[in-house]
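Below you will find one chain, with nothing else, as structure tokens; this is the form predicted alone, and questions on how it binds or moves follow later.
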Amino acid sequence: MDFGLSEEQALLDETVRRFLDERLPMSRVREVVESESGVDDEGWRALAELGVAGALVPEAFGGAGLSLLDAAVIATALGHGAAPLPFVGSSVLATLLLRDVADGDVQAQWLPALAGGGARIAVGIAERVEARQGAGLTEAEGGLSGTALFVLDGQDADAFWLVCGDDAHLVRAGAAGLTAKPLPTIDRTRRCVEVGLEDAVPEASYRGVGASLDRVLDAGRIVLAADILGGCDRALALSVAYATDRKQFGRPISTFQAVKHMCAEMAAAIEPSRSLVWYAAHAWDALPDEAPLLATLCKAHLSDVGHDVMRTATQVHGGIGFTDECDLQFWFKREGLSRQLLGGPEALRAHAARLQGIA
């Protein structure tokens, strides 16, 4: 039995990585992260033509209709390139909310636009949500009032999915009473915003859909884990290249036993993590009873692996490892944000214990 990726998935991975190498090299990434939007709009539209933006959009709405494992393959490639693109928020979380929660009219309005790269929807599934009335986002006098933090891919978004408890609300960016201001994080390759609501009227609201929301949240955790995995691959490659070129005492530092061990430890941590990401994504598609626990543990484990790999890679690079001149810092900081999005490792392991009924 073959437990690896299919030929089509391997080709998908190769295609996205080749595109990023040609269209979004690190010189271009540095330009984009300094721009006002922080997103390579031209590159995103080009990727949409390859089916990336609409990977999870059903074919009936102009998408590719791929599986979550396919999306995880894409996320790994995007993480490898530190791509400043709205894949996790708009193409995964928002798309799945539209696909699995929204009604047909809302789907017909938004899904084709997402698939074509002509629209972006940000998603707020924050661990900390404050409101002026009650717990979470609440309806008051026909509108929503409250605050949603760390709304992913929110810069220049066309609409916002705001989730609180068992309810989900879709609000247009231009709605009266909605404000979205940048919420800076250490990661400049993905933009978060803080959304404020003051009697803002949603375009659509869906209540009591907790089971579907949990499933979307699981998908988001798996894809974030895949993004971390791609970053770990790149950090290891950068470390090996640097150690080969850097010379001390007349020879490359890659010949030093301590440096060899550091690179070997990174590789040993990364490879089993790859299988975990693949299996968690497969379970989300094919084994729904196993998926919640696997998604939780996958994100927790990759968060820790990513932290260790980035720290070790920085050490291999020596004093320049964390400087802005060194490309490695993009992946170091990207992993730092991914580690906390949708739950840090400690919170996720506590959640896993609850899922198993042991806490």
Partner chain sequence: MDLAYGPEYETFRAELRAFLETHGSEAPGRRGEIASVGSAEVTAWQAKLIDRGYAARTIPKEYGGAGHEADPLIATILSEEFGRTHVSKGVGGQGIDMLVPTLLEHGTEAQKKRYVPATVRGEMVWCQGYSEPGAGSDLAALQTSGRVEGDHLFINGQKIWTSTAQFSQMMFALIRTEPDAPKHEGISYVLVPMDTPGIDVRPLKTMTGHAEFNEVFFDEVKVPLANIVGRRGEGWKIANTTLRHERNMLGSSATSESLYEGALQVLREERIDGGRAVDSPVLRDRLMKLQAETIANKAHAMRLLTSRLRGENAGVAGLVSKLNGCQLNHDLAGLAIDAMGEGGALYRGSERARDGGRWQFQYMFQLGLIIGGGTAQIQKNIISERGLGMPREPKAVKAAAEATPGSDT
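Residue numbers count along the first chain shown, from 1. Predicted model, so just to flag it, every value in this text is computed and none were measured.
The next section is about a form of this same protein that is not shown, the form predicted together with the partner chain.
Only one of the listed residues (274, 188, 172, 215) places a non-hydrogen atom within 4.5 angstroms of the partner chain in the predicted complex, and that residue is 274. The partner is absent here, but in the predicted complex a heavy atom of 278, alone among 87, 278, 110, 150, sits within 4.5 Å of the partner chain.
The candidate site formed by 11, 201 and 292 is entirely out of contact with the partner chain in the predicted complex, as no residue has a non-hydrogen atom within 4.5 angstroms of it. Per the 4.5 Å heavy atom criterion, the partner chain in the predicted complex is contacted by stretch 247-255, the sole one of 177-185, 247-255, 70-78, 150-158. The partner chain is not drawn, but in the predicted complex it has no heavy atom within 4.5 Å of residue 211. Proximity of residue 317 to the partner chain in the predicted complex: non-hydrogen atoms within 4.5 Å are absent; the residue sits far from the partner. The closest non-hydrogen atom of residue 22 lies beyond 4.5 Å of the partner chain in the predicted complex. Although the partner is absent from this view, residue 99 stays clear of the partner chain in the predicted complex, with no non-hydrogen atom inside 4.5 angstroms. Residues 287, 293, 294, 297, 301, 304 of 286-314 are found to place at least one heavy atom within 4.5 Å of the partner chain in the predicted complex.
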